[in-house]
Structure formats: C-alpha cells, structure tokens
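One chain is shown next in structure tokens, namely the form predicted on its own.
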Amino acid sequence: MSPVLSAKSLSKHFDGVVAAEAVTIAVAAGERVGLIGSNGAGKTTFVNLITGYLKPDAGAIELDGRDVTALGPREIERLGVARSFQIPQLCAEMNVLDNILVAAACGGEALSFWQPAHTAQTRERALALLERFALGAHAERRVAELPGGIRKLLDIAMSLTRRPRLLLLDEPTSGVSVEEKFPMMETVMAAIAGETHSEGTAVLFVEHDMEIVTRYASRVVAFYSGRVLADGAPATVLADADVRRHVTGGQI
C-alpha cells in the first residue's frame, strides 16, 4: 500500500537561503509525526510545500501515490489534506457553530455556499464534531469572546470538517498555558482518532515543546538548516547527538 504522503527530494531556496534541501519523508496512514527544529529550520516550509502554498524548486510530492506537486492548495485540500495554523484562522464575529459550518461549506464546489451549509445533515455533523472537541457548550458563543485555548481547538476542529486523510498542525500548543496543553492535546488526539478512515488519519504536527512531542508522536523528524537531521522513534531522535546540539540544546 502506498504511503498517504511521499515527499521526494524536496528543495526550496529563497534568495540563496536554503529553506529545504533534498527533504525526503514518507508518512503512513495513522502515523503521528512530530516535526521539530529551531525557528527557520524548515518545518513550516515543509508544511507549506505539502499543502501547495509553496512550490518546490525540485523534487516531487505524492498523496496516496498520486503526484500533486503542481496542484494548488484548494485542489490538494480536496484530495484529503487539511491543516490548522499557529494563529487560528477564525471568523471572530461569528459564533463557534457557524465557523464550523463555513469551514465545511468552503470545501464544496459551489460559490454560493451558505445555504448548503445549513442543511440538517451538515448541522448534525458540525455539532457532533464540536462535541468531540469538548466545544459543544460554546456552539452559540462568538469567537471574539473565547480564550486562546478554545480558539486553538476550534481551528483544529474546522480542519477536520472534510475528514482528511492527512492533517497538518502548526504548533498546536503555542500560546496555550502549561496547565491546558496536555488536556488540549488529549482532546485533539482523541477527536482525530474518531475519524472514520479505516487506516486512520495521518497527523504531522510542528512542535517546540519536547514534552508534547515525547508523549504524542509515534515518530519524530528533526529539521536543521532545511535538511532532515534525524527521523525515527522519539527516544532515538531526541537522544541523537546532533539533535541535542542543534535542536533541543541538550534539554529533553
């Protein structure tokens, strides 16, 4: 069976700066992959390449065996790739439920999407998704009133409205308090596990908190200067001498 994601020798330079250099990563269904590295190491560039926001200078990207290197973000999203953002992308003046409904409707083909978003089936699915993220009690609240942790959960919930095969999370715990980060990640991982794919949704998450990485990643990929420094089991990667020198600073 083909991996959900296969990135082959991806390279990307910006005015002589190496953002990605021969990056090769394959991700199987159901994997939980933590992407680590210092700021500017190439993690977000890799995510932007996979989602079509950037085009590689060289290399290829395949989803379920299909070459998607030349496709744009909307086309890639329709093939089963979703993402959340470090800064939640929400409609602040709308309520939580309507944010979910808009996210679901925007995945469709129609330009006039608001009426289809309010079908009974779509609303039922949206409310069920909110319950999985422990957001049901907030369904009618305006996003502008919500604390940061709840906004993070909503942003991730919106990324699951189309039942993606591959989900990319950009620093899901940034801006979340120490007390909230583990309960939040438990909620997120449980909600993702509730998706209907028989093989399981593959998850890649960019993270600076090594406690989160150790607890929730089944595999870790460490980036440094646009290159993959190490790729393997969390304990192995985090104990690697180069990773300790260039990424974690010896602090695990």
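We number the residues from 1 along the sequence you see. These figures come from a predicted structure and were not determined experimentally.
Only in words, not in the display: the form predicted in complex with a small molecule, which the text now covers.
Though the partner is left out of this view, T69 does not reach within 4.5 Å of the small molecule in the predicted bound form, counting heavy atoms only. The small molecule in the predicted bound form comes within 4.5 Å of a heavy atom belonging to A19. Heavy atoms of S38 reach within 4.5 Å of the small molecule in the predicted bound form, making it an interface residue. In the predicted bound form, at least one heavy atom of G42 sits within 4.5 Å of a heavy atom of the small molecule. You can rule out all but one of 44-52, 211-219, 24-32, 60-68: in the predicted bound form, only 44-52 has residues with a heavy atom within 4.5 Å of the small molecule.
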